[in-house]
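The chain below stands alone and is given as structure tokens, in the form predicted on its own.
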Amino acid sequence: MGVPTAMRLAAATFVAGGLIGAAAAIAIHSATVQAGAVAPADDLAALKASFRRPASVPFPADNPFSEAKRRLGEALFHDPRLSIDGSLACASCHQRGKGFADGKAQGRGVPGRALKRHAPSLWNLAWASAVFWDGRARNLEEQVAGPIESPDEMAQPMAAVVARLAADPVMARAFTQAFPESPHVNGANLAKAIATYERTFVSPESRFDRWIAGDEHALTPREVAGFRLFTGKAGCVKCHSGFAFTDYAFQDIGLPGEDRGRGAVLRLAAAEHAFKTPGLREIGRSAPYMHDGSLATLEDVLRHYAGGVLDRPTLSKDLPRGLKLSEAERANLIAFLGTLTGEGEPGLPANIVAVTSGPSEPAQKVSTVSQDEKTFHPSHIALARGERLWIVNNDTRTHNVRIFDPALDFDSGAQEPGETVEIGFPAAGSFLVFCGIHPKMELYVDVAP
């Protein structure tokens, strides 16, 4: 399989290089391109740096990495006993050689019916928060049970899966080794093991990475021209940003259809027809494209954005309007996208440094936080119990401020540009505030007694 052979756990807090903090570089470069000028060397260098491969992979504090857990997760990912009739494994629909998708517009589960959505790629989900096309699972651990228990997919209750695996002495021993503090074959441990394995799906190096690292000959002039279009006139970078080429947010990009997407999950009209921005790494292997698999080629994708967008009120504010591309520009964009797929068989990294995720900056004692360019400013604050927090939307986008915590369940509804959300914290503790539409927007709030 070419799986990791050595994973080291570090105590450092992970900062997602390129996934957060690229907004300033993108804004400067986009403004320069729109003004008709060539981006200054310093601006281009900053923009390139925003796509740099991160040095480490984040794992949650309640599910830290271990090699035994990764090995168990790999075995479970390829085990057809997770499906009711033993005909499907996770790997059946998420094949490494097909971009961790399956090459079909819609796959088929145990009942044989076509599924409503295209199998999403699993590359680089260690940096995601909400998962599935509509984000209905808040993390990878929560996602695992979805396809297993879905009557349209693997069609097996988790209790039956656990009973099957527990009856296998080899599998029971693997669970004990992976979870020595809680040596049980159960649904929670199964989910943690598979999620651990999936977090090691870091896309392999490509020619683009070598160019970013300083090899000016790694890309052709046409490919570099495509990068300039991608980050400039075409506006692709507004959603496809950072190392993984995704903001992990949910956007309505004007595809026809009745699927409500994120709107049905949030029960929010502003998020109707919005689906997760897919990452573009290994994109040359993962056709067809979009949440419904409706676009067969990258040429079809460009035609959609340059003339095929269905106009409706919920269209993403980040979607370019009236985009016109010449044939040469389309060819350059396609050439650039080709540099995001690695050469040869896409193996998994031989060595990944695992770190614990958490705040990327010290807490500031402020009570007002701004939203701008899909980021909270600051992103870590300290309050006293009973203090109020005001969040001001200085962005051009609609946001949805949410907190899921036993001590506080909060949902702002649609927070439009210019509006302020007020939150009171009735209990001490640490709270994660995030946007339901742009979940990578995270604000850590430490509330003192």
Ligand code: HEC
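Since the structure is predicted, the reported quantities are computational estimates derived from the model, not experimental observations. Position 1 is the first residue in the sequence shown; the rest follow in order.
As for the form predicted together with the named molecule, it is not shown, yet the points below apply to it.
If you check the named molecule in the predicted complex, you find no heavy atom from any of R81, H184 and V202 within 4.5 Å.
Proximity of R108 to the named molecule in the predicted complex: non-hydrogen atoms within 4.5 Å are present. Although the partner is absent from this view, R262 stays clear of the named molecule in the predicted complex, with no non-hydrogen atom inside 4.5 angstroms.
In the predicted complex, the named molecule lies farther than 4.5 Å from every heavy atom of P151. Using a 4.5 angstroms limit between non-hydrogen atoms, W133 touches the named molecule in the predicted complex.
Though the named molecule is absent from this view, in the predicted complex it lies within 4.5 Å of a heavy atom of just one residue from N332, T196, Q251, Q371, which is Q251. Residue-level contacts in the predicted complex: of A354, L340, L219, L140, one residue has a heavy atom within 4.5 Å of the named molecule, and it is L140. For the named molecule in the predicted complex, the listed stretch (167-175, 207-215, 231-239, 264-272) containing residues with heavy atoms inside 4.5 Å is 231-239. Along 77-97, these residues reach a heavy atom to within 4.5 Å of the named molecule in the predicted complex: F77, L82, L88, A89, C90, C93, H94.
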